[in-house]
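Before any questions on how it binds or moves, here is one chain, the form predicted on its own, in structure tokens.
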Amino acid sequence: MTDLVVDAHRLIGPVPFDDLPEDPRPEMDRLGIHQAYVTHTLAIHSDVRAGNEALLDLHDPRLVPVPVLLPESFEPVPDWDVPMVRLCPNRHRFELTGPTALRWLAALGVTAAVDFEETSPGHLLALARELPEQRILLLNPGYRRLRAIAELMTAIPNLWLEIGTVNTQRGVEWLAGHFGAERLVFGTGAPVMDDCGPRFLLDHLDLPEADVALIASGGSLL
């Protein structure tokens, strides 16, 4: 068991397509997850402003807010004191490497989390070229595109990977061997995604204890 487990990818709030618990803390307690970086479901599925406001009103040190960034050409950059923002370019119909998104990300200077299904390798490479210091956390990478992910991690030194869906035999170990455990981050995507599987995966990684502890606590990113 690791001393500190941080879930870098968790949701809070109602889910429009299922009846799932809105409060993640009881499940976090059950699975021994000490802290979670959370995004409000309303900001993803419904009303970005309302979801972000509800998220920023939580004021619980166990729940670190990750608001959704929706770049608007004629709006000021949000004045958020947060370590990470989430972007949904496909769902919210904007260009990840458009001038407004680039300007907002440069102004905020925080980690940008994006689901692999929301973007493409080409867009991520373009983002890294435009903003080489931008830290990127790639969510839900899955296990069927490990070659593409390895190419991205080789080309983008400031890209970290959430391991929750890398549930193929020794997939996480393979990534750690090539890129170091410090670039791998524990996350679940719960409650929409399963959290028991990633937690089991974390506890059974065939890696040195120090590497497992590093992944569990957020690598060198969190």
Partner chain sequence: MILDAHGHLGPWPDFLIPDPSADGMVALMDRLGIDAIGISHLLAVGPSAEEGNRLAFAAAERHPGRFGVWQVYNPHQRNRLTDQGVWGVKIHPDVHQCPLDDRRYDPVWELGLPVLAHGQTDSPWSDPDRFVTVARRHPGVPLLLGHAGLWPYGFARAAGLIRDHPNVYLEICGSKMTGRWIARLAAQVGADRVVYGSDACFLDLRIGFGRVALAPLDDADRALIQGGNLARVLETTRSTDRGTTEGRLP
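Positions refer to the first chain, counted from 1. All values derive from a computational prediction rather than experimental measurement.
Unshown form predicted together with the partner chain; subsequent notes refer to it.
At the 4.5 Å threshold, heavy atoms of L146 reach the partner chain in the model of the complex.
Interface residue remark: L31 is counted as part of the site for the partner chain in the model of the complex, having a heavy atom within 4.5 Å. When the partner chain is considered in the model of the complex, P65 lies well away from it, no heavy atom lying within 4.5 Å. Remark: E182 does not count among the residues lining the partner chain in the model of the complex, judged by a heavy atom distance of 4.5 Å or less.
Comment: the partner chain is not present in this chain, but in the model of the complex one of A190, L161, A43, L69 has a heavy atom within 4.5 Å of it, namely A190. The stretch that touches the partner chain in the model of the complex, counting heavy atoms within 4.5 Å, is 166 to 174, out of 153 to 161, 35 to 43, 166 to 174, 57 to 65.
Contacts to the partner chain in the model of the complex (heavy atom within 4.5 Å) from stretch 11 to 42: D18, D19, L20, P21, E27, R30, L31.
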